[in-house]
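One chain comes next, on its own, written as structure tokens: the form predicted alone.
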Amino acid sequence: MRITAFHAALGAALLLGTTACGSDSTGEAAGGKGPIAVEATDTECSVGRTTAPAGTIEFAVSNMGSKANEFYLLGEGDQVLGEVENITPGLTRTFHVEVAEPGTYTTACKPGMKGEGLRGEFTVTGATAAAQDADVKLAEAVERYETYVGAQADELLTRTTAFVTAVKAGRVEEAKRLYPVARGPWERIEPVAESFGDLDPMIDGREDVVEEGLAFTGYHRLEKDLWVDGLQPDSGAVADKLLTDVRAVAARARAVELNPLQLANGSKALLDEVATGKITGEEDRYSHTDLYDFDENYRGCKDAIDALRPALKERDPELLTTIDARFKELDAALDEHRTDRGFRLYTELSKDEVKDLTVRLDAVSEQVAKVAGAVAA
């Protein structure tokens, strides 16, 4: 459960944190241009400039606190327009987000990556921005990826239907086998799926959502039933609700409208998903099938980059070559843990094996983080 800029109107990028924070900046920044620096601590979220003209907006978020942090730009109904997550203390992360329409939006830092966050108002001014997908290759990339999202959502519905059927029939071993497979399409398009904010915690929320006043439902509730508690009297009802919520995702996904920066930011967000939930063994804490999710998130990242590939060949061929080389290295590392039926359980990995996967993942993530800049250029 997680991420991103997939419902943003377009985005631009930030340069690193030399901008003063805590008050409106002056000069070029006051004119609505240039990167916007954000300083996040455990108790404060200081945004260097709280206005920007419609179009591509660039944020550089510095974590000055002691906890991992996230930063969001939210639209009406807490729709995620842009997001950067898993910012470790002492680091600065940048991202681009496109906001086409003038209006009032919300910024939010989330110390510890939990809760509603430390929120503030953000105003987008001026006339509606022109679409930034005028570039033919970028427009084609968006069209391909929107088709891909729709197909993955349909596959999610098909696989989840089979999983739910097994749960309701009490076929526990079959349901266990289908659990990581059913989640696959969700993991591939997770940034898009998570942008359906009301559905995400119901479908993919971990047990922690109870602390936020939400009911524990969805995949992970059934995961706990299957692996820990045994099927419960309400397991069938939970399964039915999961299927209803997935049907809603499939319906919404068919109408999703993206832009090139959302593809770029989404590819990075998928890798962040692995870093925050899968490589830690936290996401699938009952079944320990985290490597299945790892693989699907990673595939989703590669598919987004593939959609952008023709444009990247023109804009930054050296970056694309480097990304492909890092992909090849991570492919090899992940292949070492494949089995005839899928992947080894997370609990079977040694500390050195987890560290090796982490190093390979970080190497890919470092390069993919540069894609948004190439797209926005």
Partner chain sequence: MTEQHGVTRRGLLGVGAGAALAGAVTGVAGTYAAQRAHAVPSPAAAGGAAHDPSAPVPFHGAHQAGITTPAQDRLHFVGLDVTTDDREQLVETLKAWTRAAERMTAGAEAAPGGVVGGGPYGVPADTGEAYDLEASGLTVTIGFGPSLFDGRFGLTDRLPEGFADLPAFRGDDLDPARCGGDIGIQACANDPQVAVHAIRNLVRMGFGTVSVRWSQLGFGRTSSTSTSQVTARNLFGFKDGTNNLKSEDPEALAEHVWVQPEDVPGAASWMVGGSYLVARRIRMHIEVWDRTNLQEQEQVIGRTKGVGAPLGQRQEFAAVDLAVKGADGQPAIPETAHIRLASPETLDGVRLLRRGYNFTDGSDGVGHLDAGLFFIAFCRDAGRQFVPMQRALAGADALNEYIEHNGSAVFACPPGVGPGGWWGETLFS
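Since this is a predicted model, take the numbers as computed values, not measurements. Residue numbers count along the first chain shown, from 1.
Below, we turn to the form predicted in complex with its partner chain, even though it does not appear here.
- If you check its partner chain in the predicted bound form, you find no heavy atom from any of V172, L178 and V181 within 4.5 Å.
- A residue is said to contact a partner when one of its heavy atoms sits within 4.5 Å of a partner heavy atom; A269 fails this definition for its partner chain in the predicted bound form, lying far away.
- Within 4.5 Å of some heavy atom of its partner chain in the predicted bound form lies at least one heavy atom of L261.
- Contact check for R315: every heavy atom lies farther than 4.5 Å from its partner chain in the predicted bound form.
- The shortest heavy atom separation between E353 and its partner chain in the predicted bound form exceeds 4.5 Å.
- Shown without its partner, the chain has no residue in segment 272-310 with a non-hydrogen atom within 4.5 angstroms of its partner chain in the predicted bound form.
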